[in-house]
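Taking the form predicted alone, here's one chain by itself in structure tokens.
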């Protein structure tokens, strides 16, 4: 579902445009008085850009049904638009100033959100007068689409990191999933080596040089590739250094299977080559394609870094948020999102079982649907568990140049794995990132 997250480069070559159109509110998003109900249009068509028919388009169609129960004359025009096309269209519209070509709502990957707002302010409206209660979303998720003290996005799907493990493989080595809950990476490596020795299977896999696991480690301690004011923060970054040390140790312990492509990565756990996977919760959709493994998986939290101030067992990878544009329909668009993706348990109860769309909206966790036992995962109510995890993910400074930072660090990983000096590799990566930012 989100493998494109790590493959696409934004390629935003424009300098930041002058701030032109105003957003929905004058102050920080979510702090303004909501628009009075009598001022919200009772009819109209909202145009939406998003990708993935079985996931995002389906969810938006269900949201339309929910909204029409109180606003029957409001309709959606949902245009399937792959993420790379969304990004290209935004760039083209910003260059040409053809603002009439914008939709009213579009989906934006979380890690690309801030850069788009910073570079293309004319394409976004903020949510200040929407009535969305941002304290009903995890702080770490809200931070992705927050810029200049305003909220520019309505969080949608959940990218909370999970540690999914094959209970039958653990059992062969004398372990249970509880033995891998609330542990450190040192504990994980030691137990993982025991599992490997007794079963021949490691507990993790990933693409060679991919910074996914590293990024998950870093955020779990509240670390970032950037400072709070958006500057590059790769060299002398102690949390990043500790994350790289742990990553290097995992590979050295041979409990981490490295492959060359996304398809090979999926195959490692589908074909039982490894006994576990750590990634965003969306990876569970791929896990469950192995029908013969039903009942043999369990979900717990991820390991935390040893000896790091602020280290937790919680992190995230991926996810997306809805943006609104400063067109005439912005008030209606904001109200639609406030009453559906930021206000409807009914919506999330519908899209979870049918599309696997797990909410970031915290009240959804109280739903009976979220509390239902999942047979595939040993009867555990994993969805309410993951929403609980999401609330514990540390906030971080995502930075507008997140993808450039990932690329710079990704280039350093093979050198470090080969025995290179971590600080020297990060010094080089830091210079590469600064060059890209400037």
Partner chain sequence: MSVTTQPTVPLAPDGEPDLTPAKRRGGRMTISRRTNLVGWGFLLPAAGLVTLMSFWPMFRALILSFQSGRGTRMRWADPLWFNYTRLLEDKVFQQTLANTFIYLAIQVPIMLILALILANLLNDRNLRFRGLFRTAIFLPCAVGLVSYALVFRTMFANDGMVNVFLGKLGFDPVPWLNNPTTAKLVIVMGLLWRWTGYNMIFYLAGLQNIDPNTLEAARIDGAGPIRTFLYVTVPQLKPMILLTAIMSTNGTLQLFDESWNLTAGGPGYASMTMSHYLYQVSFQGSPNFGYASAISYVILILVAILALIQMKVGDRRD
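Positions refer to the first chain, counted from 1. Since we're looking at a predicted model, the values are computed, not measured.
The following text describes the form predicted together with the partner chain, which does not appear among the structures shown.
Within 4.5 Å of any heavy atom of the partner chain in the model of the complex lies no heavy atom of residue 191.
Contact annotation: residue 118 falls within 4.5 Å of the partner chain in the model of the complex, judged by heavy atom distances. Proximity of residue 408 to the partner chain in the model of the complex falls within the 4.5 Å heavy atom cutoff.
Not displayed here, the partner chain is approached by residue 414 to within 4.5 Å at the level of heavy atoms in the model of the complex. Shown alone, this chain has one stretch from 361-369, 253-261, 318-326, 292-300 that lies within 4.5 Å of the partner chain in the model of the complex by heavy atoms: 253-261. Note on the partner interface in the model of the complex: the residue among 241, 352, 331, 208 having a heavy atom within 4.5 angstroms of the partner chain is 208. Only one of the listed residues (403, 67, 377, 389) places a non-hydrogen atom within 4.5 angstroms of the partner chain in the model of the complex, and that residue is 403.
Contacts between stretch 154-186 and the partner chain, counted in the model of the complex as any heavy atom lying within 4.5 Å, involve no residue at all.
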